[in-house]
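Just one chain follows, in the form predicted alone, and it is written as structure tokens.
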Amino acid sequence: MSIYLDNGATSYPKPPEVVAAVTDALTNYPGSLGRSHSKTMSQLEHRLYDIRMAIANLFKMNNADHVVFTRNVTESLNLVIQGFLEPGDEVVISSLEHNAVVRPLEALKHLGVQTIIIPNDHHGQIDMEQLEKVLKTLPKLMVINHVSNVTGDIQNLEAVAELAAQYEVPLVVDAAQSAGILPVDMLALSLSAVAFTGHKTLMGPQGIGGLVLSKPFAKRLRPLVYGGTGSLSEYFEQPTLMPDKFESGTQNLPGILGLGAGIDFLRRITPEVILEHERKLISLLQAGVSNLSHIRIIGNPDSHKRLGVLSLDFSQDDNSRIAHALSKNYEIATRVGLHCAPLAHKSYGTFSSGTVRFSTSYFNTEEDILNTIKAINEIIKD
């Protein structure tokens, strides 16, 4: 028995078309984008435009050239944070943010950048009253995650965006856990940027992510990396045309094509069907362990207000022991600890023990979940 329930870290298995796309890129596409001239590379440029457009459409944007490829969501968030903030600026975040946001901000403290943390309740919802008080002071930027990577709790993004727009504070959304599965309308919500990664809900390979930028925000943003873009090579200065401004160096072609195939899979099955399946399985798991003593469900107890994630605290045991036993004795993969989000665990009251996180995918089955429930019962009786 081998059961993978760590899809919040990286979705697995990948759809066959994703594997085929990566293999195709490594087998049939010699050269580098924007550098090599051949019939094959010309055809590939069209495919890349289609992938950029597919990503833009996921977030209800119509500008393929404002989709920027990065290595992952961490690089995307660093690009925004380090490329937008100036010494003395204030930035607002929630108390559920990942270290991909917290650590870049911490690194800018020596420049006088100040971080204002708005608390969240134990269901993952930000304190709207506190948020409005802070937004009235007109901070430079707000960054917020759409879905907690610890619990799967879904933030009320519409309400947050409405407040940010009211006070004209640029809002950047970390969609690492939600891209493609939950709807995000950048235009309707007046979002400045959405950061995403390819290897989670978008079903792509590791090593590919990106940013979708509004035109005004892109103009104000400095690149994180400077160098060759294959365009305007006669100038020493970094090009300002999009997306070249932010895409220096050789692109991760296998990653981009794999990501495109993942998005095609997502659209074919549909986000609604995938989310319903994942929630059905996580609800089954939750029901199967909810009557066990000394187990706390962290986050919103309503599984339909979370993604396919269940975060458990084995309060009279060692969470690491539970996860180790699941892996060693039952070949069940989970994620244990602080999930690179100690700030979130402090907000949920699970610092420093962390939790054991179970996260489902479209490829998990009811049998996987029933076997996991059985395994948990056996482990806690040891």
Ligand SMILES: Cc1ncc(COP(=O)(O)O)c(C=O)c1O
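This structure is a prediction, so every number in the text was calculated from the model and none was measured. Numbering starts at 1 and follows the sequence shown.
There is another form of this protein, the form predicted in complex with the ligand, and it is not shown here; the text below is about that form.
Peer 1: Quick one: does residue 306 come within 4.5 Å of the ligand in the predicted bound form, counting heavy atoms only?
Peer 2: So residue 306 does not count as contacting the ligand.
Peer 1: Can you check whether residue 100 is within 4.5 Å of the ligand in the predicted bound form, heavy atom basis?
Peer 2: Yes.
Peer 1: Do residue 214 and the ligand share at least one heavy atom pair within 4.5 Å in the predicted bound form?
Peer 2: Output for residue 214 is no: heavy atoms all beyond 4.5 Å of the ligand.
Peer 1: Given that the partner is absent here, does residue 176 sit within 4.5 Å of the ligand in the predicted bound form, heavy atoms only?
Peer 2: So residue 176 counts as contacting the ligand.
Peer 1: With the ligand left out here, work out from 262 to 270, 239 to 247, 118 to 126, 71 to 79 which stretch has heavy atoms within 4.5 Å of it in the predicted bound form.
Peer 2: Looking at the partner contacts, the answer comes out as 71 to 79.
Peer 1: Which one of 147, 164, 312, 93 is close to the ligand in the predicted bound form, taking close to mean a heavy atom within 4.5 Å?
Peer 2: Among 147, 164, 312, 93, a heavy atom within 4.5 Å of the ligand in the predicted bound form occurs only for 147.
Peer 1: Given a 4.5 Å distance limit between heavy atoms, list every residue of 182 to 199 close to the ligand in the predicted bound form, or none if there are none.
Peer 2: Result: 197, 199.
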